[in-house]
Structures are given as C-alpha cells and as structure tokens.
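Take a look at this single chain in structure tokens; it is the form predicted on its own.
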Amino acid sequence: MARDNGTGGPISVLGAGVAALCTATELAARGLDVELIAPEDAPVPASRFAGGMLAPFCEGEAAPEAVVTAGQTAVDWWAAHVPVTRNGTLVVAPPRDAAELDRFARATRGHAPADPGALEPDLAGRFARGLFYSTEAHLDPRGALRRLRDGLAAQGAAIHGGPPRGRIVDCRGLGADVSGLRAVRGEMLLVEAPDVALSRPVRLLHPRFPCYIVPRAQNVFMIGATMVERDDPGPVTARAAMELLSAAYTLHPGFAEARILELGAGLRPAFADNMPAVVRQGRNLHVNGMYRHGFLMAPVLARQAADLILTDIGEDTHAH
C-alpha cells in the first residue's frame, strides 16, 4: 500500500522527460502514491535526443565538481532500473590536435593513458594515444525512458494528460513556470554505419567542434552534439550536420558510407550556472535546469526531491 502523501492525493509529477520519469520512479520506490502528468500534445522532451552517456569524469572538463561527484552515483541508479553498458569512455584526438588531449587530461580525473586500437580495434593505427575512463557507462536513452514509464504503469501509477490531483513536482523543462531558465540548443544525428564497430562512447576532441559517438544497436550510432546558446526549436542546420559528420569521418572513414536515420534537435533547459537544481515554490517543487547533464543528474535530483517531500510529510504528521 502506498504511503499517505499528506496532501489527500498523489504526488503529481509533471513532464515526460528524464527528470520527470526519474523523479516519479524514485518517489514510487519510496512508497509514495504518484501520478505522471504527460499530455500527448506536450513538446518532445530534449532527453529523447540525449547521448545517454553516464560520464561524470568526462563532464568534469567544464562542469562543476558537484556534477562530477554526485554524477558518479548515477550508473548504479540506472543499472537498477534499465540495461546499462559499463564499458567506459574513450577520448581521442587527431595528431594535429594532440594539445587538446593533454588539456582534457589536465581538466579531468578518473582516467588512464590508453592505446585506442587496443580498446577499439576499428581505431587501430588511426590514433596514437587516448584517455580511458574505465568506470563510465552508457545506455539507450529512449529505451531507458520507455522502461521507466512502463515500470511506473506496472506499479499502478496513473499516467494521463489531465489536471494534477496532488502536490506538484514540475519537471517540464522550458515549459515550467520557474524563473532563471534559458534554452541551450543541441543537435544530433542517428546513423547506421555497417563498416564501423565500436563498443563504447568515443569522444573526439577538436578546438572548435568536439563530438561524441555513442553505439546504440548493432552498427547504429548517435553522433552529437552541438551546444548553441539559442532558443530555436527548428530542424537541424546544414552547418551542424556537416560538422558532426566531418568529425565522425575523422574518427573513422567508415562513417562516409553511413545511412542517416534521423536528425534531431532539442532545447535543453539551463540555469545561469548550468547546474541542475531542485527549486521549492511553496509546497511544490521544480526539478529543472538539466543543461547537458540530464541522464547523469536526474537520479541525483530525484533523490533530493524525494527527501524533501518525505521530510515535509514527516513534519506534517508530527504537527498533527
């Protein structure tokens, strides 16, 4: 039996992306009655276009230490709910950009020197050295979101597009009524490359447009992602597509014959400091500002939101 939420109704989690699904899943795991408010006509969540990399150490190149530290807990959280591949992350750079590899090594931790060809035979002879982040992992974002949603339904959580019935946890990204958010555009490609075999995410460093390539199903890869400070939900631009494909070709010439399955663009919500946060507004909460850390930080913020709600319920119970 679900625990009394202290509100006379379920906890109403608003949204259909990674923040909402992780939060609803965590609340349900704590024994709370949860409903997911996800209208069918709502905008496509940016997390559908994510890379699905659980790479806290690599993100430390630009992210605050709090993301690196807290993000390390994400792999185990995800592995408890969905399939996760724990093959680490490989970082490489073309010989002309060797200084980028040295800079990346100085800016991050959790890595060791690596022979790229020893880890990924398809890269043998193409890169003399790399960095290997052995504890990092990746997952299929769309498959993970689907499994979380199915898991909630299996537990009896209502999933509907009607009005909320209880205390609100708003996880709608840019659609939420919370101040201080801005949009950061990200563009990605999904390709099928029969001549390429990779077993882990590979980050290719470049001074102007670094990219990452993440394996999905057999011979299917996600190539991403641009980071553009622009509130433009339109289709992928020719410039972004050419830059991403050029970077992929630099990694492996087999990408020249890849078949483009999808080009996608999404708007990531971000606060001024690019740190995801749980924001309280009266009795309601916002879980927002995921920036580029959605799959890495959503479980962390979901736990924070659950802790706050359970503390409030305990205080309400004690007061009565």
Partner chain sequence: MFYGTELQSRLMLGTAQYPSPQILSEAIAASGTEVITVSLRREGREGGAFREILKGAGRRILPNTAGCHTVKEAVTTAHMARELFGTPWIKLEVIGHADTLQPDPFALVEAARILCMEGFEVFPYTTEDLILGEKLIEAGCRVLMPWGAPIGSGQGLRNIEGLRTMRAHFPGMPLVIDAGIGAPSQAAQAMEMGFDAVLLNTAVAKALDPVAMARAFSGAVAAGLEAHRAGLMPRRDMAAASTPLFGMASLA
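Positions refer to the first chain, counted from 1. From a predicted model like this one, the values you see are computed outputs, not experimental measurements.
Below: the form predicted in complex with its partner chain, not depicted.
Residue contact with its partner chain in the predicted complex: Ala66 places no heavy atom within 4.5 Å of it. A residue is said to contact a partner when one of its heavy atoms sits within 4.5 Å of a partner heavy atom; Arg103 meets this definition for its partner chain in the predicted complex. Within 4.5 Å of some heavy atom of its partner chain in the predicted complex lies at least one heavy atom of Asp231. Taking non-hydrogen atoms only, Pro207 approaches its partner chain to within 4.5 angstroms in the predicted complex. Stretch 207-215 is the contacting one of 138-146, 124-132, 207-215, 81-89, since its residues have non-hydrogen atoms within 4.5 Å of its partner chain in the predicted complex. In the predicted complex, no residue of the candidate spot (His160, Ala277 and Leu308) has a heavy atom lying within 4.5 Å of its partner chain. Of the candidates Glu192, Asp115, Asp195, Glu243, Glu243 is the one whose heavy atoms come within 4.5 Å of its partner chain in the predicted complex; the others do not. Contacts between 69-100 and its partner chain, taken as any heavy atom within 4.5 Å in the predicted complex, involve only Arg96.
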